[in-house]
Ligand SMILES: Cc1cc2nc3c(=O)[nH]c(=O)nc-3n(C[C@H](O)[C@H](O)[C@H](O)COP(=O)(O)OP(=O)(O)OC[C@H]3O[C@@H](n4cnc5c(N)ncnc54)[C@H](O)[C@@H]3O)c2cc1C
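Only one chain is given next, in structure tokens, and it is the form predicted on its own.
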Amino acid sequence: MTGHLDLDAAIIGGGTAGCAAALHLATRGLRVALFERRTVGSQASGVNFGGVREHGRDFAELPLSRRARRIWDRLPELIGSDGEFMATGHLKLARSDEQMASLEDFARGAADYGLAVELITGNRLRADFPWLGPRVVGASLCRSDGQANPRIVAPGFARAARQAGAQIFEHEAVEGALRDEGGFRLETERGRRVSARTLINVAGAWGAKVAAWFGESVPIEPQSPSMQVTEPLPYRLPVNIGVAGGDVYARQIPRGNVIFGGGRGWNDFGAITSRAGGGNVTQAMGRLTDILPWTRHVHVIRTWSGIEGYTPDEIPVIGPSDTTPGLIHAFGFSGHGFQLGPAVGEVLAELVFSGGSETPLAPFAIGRFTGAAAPVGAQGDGRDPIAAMQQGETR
């Protein structure tokens, strides 16, 4: 037994959103603790591509994404680090007329949200981006987008949260939680007992499992990105690259390495392990050299992956529980939550303090999955932690 904590808010999950929420709640004087089964930023928040983009998003996400973009400019004052954020722009490529039409549709819709997206074709495409391959027929450019280092952003928020007074417990999974008349009661794998008025579920691919403890069913598919990085090359890729259809994406960091990805890797959800997919690695290399011919003979020096939770509509669950007062969810970011994370943390703090947010959240309501099939991982390892807590069992 490692003791008891009495909190205003308990947070399950140590990604960027969870750490940002801890920071904002602690800054406003709440007693906050965050519990992470591994280390902060060890899954989706830390192993992703590092794109900081509004470009190409579901329109339902754009108000939240626009809010997040403003926060990225303020990272140094917020967490004492810029997270290696650079506003390099995001160039999305079309390899057919049909794909170009989809880019045009997005540009028109994005304008309604105040997001400027330029359409580039013909001679200008070749003049501005002479390093593109001949199959590229057009592109759209969002100049305000950029890139950052996912390995350091969540830890940066965690460090700032600790300095503000939050407690961050790494290598300590929450094994069960329930709500009674006094609030929430949690038990961790170390036997720690926790009481909290508010519970925030930002458990990533495991968020559906936490929701299931409170009778809410969300169909989550755990997927793993297949990521790679090359040896250092002469610097010639000044923008982030994506493609219509999403089968490859790339960026180059100032020291020359090209980071790219495409396709899915392998994961063992129960064992919390993953790796880049062998066949997908080779395919992504081929797609990269198709759009960037100058990468044809370079060496890939490392591959990696992680585990992310995908919802059927590929937008997240964000907002209050439909079954349990005081429970707030934010999970299922479906491979594009890195840019959103700082804003999600602010939104979660707003929900704790006021019950609402200045950012529209209706599209992300958990109720859209009412009656859906039981989520992956909802049954855990066979031990019922809720029943054990109700019976007063200790480990």
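The model shown is predicted, which means the values in this text are computed figures rather than measured ones. Throughout, we count residues from 1 along the sequence that is shown.
Below, we refer to the form predicted in complex with this ligand, which is not included among the displayed structures.
Note on the partner interface in the model of the complex: the residue among Val117, Leu288, Val258, Met227 having a heavy atom within 4.5 angstroms of this ligand is Met227. Note on contacts: among Ala166, Ala250, Leu93, Val174, the single residue with a heavy atom within 4.5 Å of this ligand in the model of the complex is Val174. Residue contact with this ligand in the model of the complex: Ala10 places no heavy atom within 4.5 Å of it. Put simply, Ala211 is far from this ligand in the model of the complex: not one heavy atom of it is within 4.5 Å.
Put simply, Val202 is close to this ligand in the model of the complex: some heavy atom of it is within 4.5 Å. In the model of the complex, none of the heavy atoms of Arg67 sits within 4.5 Å of a heavy atom of this ligand.
Residues Ala44, Ser45, Val47, Asn48, Phe49, Gly50, Gly51, Arg57 of 44-71 are found to place at least one heavy atom within 4.5 Å of this ligand in the model of the complex.
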